[in-house]
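Consider the single chain below, provided in structure tokens and representing the form predicted on its own.
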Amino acid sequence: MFRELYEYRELLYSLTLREIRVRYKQSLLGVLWAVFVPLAMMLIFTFVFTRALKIEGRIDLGGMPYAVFVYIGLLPWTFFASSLTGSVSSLVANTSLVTKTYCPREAFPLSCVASSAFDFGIASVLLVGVIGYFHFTTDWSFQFHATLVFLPVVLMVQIVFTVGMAFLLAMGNLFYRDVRYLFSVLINLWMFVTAVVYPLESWRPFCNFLINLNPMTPIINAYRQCLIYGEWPLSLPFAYVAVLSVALLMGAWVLFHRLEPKFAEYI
């Protein structure tokens, strides 16, 4: 499966480029939309939590400004959510290619993940500006830590988990079209049970165990640990997510490959 996908790497590149072009075609801001979405969400949540509800002082952020906290959470979450949103309809949206042309069908959900990774890279540039703004205008200061070298590992774990989920959702929506509608509801609820806009932790070990069963919570916490707190995310929750992500990708890919001959029949 790896060899076949590698042989069709030019197709994957073309599909990814098409996804990017279609997304920003005839738009005034173009690729700046990749920055605008997480920035707008950061501003909204910052206003709600620091001005409207005024709970910033009641949650422990380790001295980090809330805007920095929430942007670091929104950045990987937006990447994750947009990848799966595109992937869930990726096979159905390419009916002619799936039914009339042979190619590894994995390329369709993978192109959605790759195009979202492009947006993630652009939006990451703004993170430097957000951190720099609060570093120079407030009492909070950013410190460079050796843990920054671990960020690619955290990103790779997230990508592996995202691709595994993308394969499952693309298959599920092909066989049962209800999956797309159910996913559109669940992905919004999922964000609020993940440590995206507020920290999720409890003094009860069992509650913390339940919180960390959500794979995206240890991943997002790991970004903050590496970037801001200078902590190595070598905890049991992150190790669990890393193992789960690899197992999910392997299982989903094998299942995707075995069911591939039935795709044309159900599409």
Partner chain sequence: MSDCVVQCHQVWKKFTRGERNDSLRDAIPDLIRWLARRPVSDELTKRQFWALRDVSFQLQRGEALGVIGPNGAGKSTLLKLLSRILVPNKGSIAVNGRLTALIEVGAGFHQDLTGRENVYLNGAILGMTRKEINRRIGEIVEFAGVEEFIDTPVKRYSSGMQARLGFSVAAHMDPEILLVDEVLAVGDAQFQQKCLDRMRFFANSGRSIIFISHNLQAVSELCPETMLLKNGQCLMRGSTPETIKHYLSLVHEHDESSQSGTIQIRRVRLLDERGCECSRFAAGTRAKLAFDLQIDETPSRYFLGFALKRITDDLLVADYNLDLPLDDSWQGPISMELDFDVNLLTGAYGVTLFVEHKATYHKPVYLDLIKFFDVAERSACAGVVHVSPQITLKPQLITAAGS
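Positions refer to the first chain, counted from 1. All of these numbers come straight from a predicted model, not from anything done at the bench.
Below, we refer to the form predicted in complex with the partner chain, which is not included among the displayed structures.
Residue contact check for Ala264: one or more of its heavy atoms lie within 4.5 Å of the partner chain in the model of the complex. Contact check for Val243: every heavy atom lies farther than 4.5 Å from the partner chain in the model of the complex.
Among heavy atoms of Thr138, none comes within 4.5 Å of the partner chain in the model of the complex.
Under a 4.5 angstroms non-hydrogen atom cutoff, the partner chain in the model of the complex has Ser96 among its neighbouring residues. The chain is drawn here without the partner chain; in the model of the complex, the stretch among 154-162, 74-82, 123-131, 101-109 whose residues come within 4.5 Å of it by any heavy atom is 101-109. Tyr176 is the sole member of Phe192, Tyr181, Phe144, Tyr176 with a non-hydrogen atom within 4.5 Å of the partner chain in the model of the complex.
Residues of 235-260 lying near the partner chain in the model of the complex, listed in sequence order, are Leu255, Arg258, Leu259, the criterion being any heavy atom within 4.5 Å.
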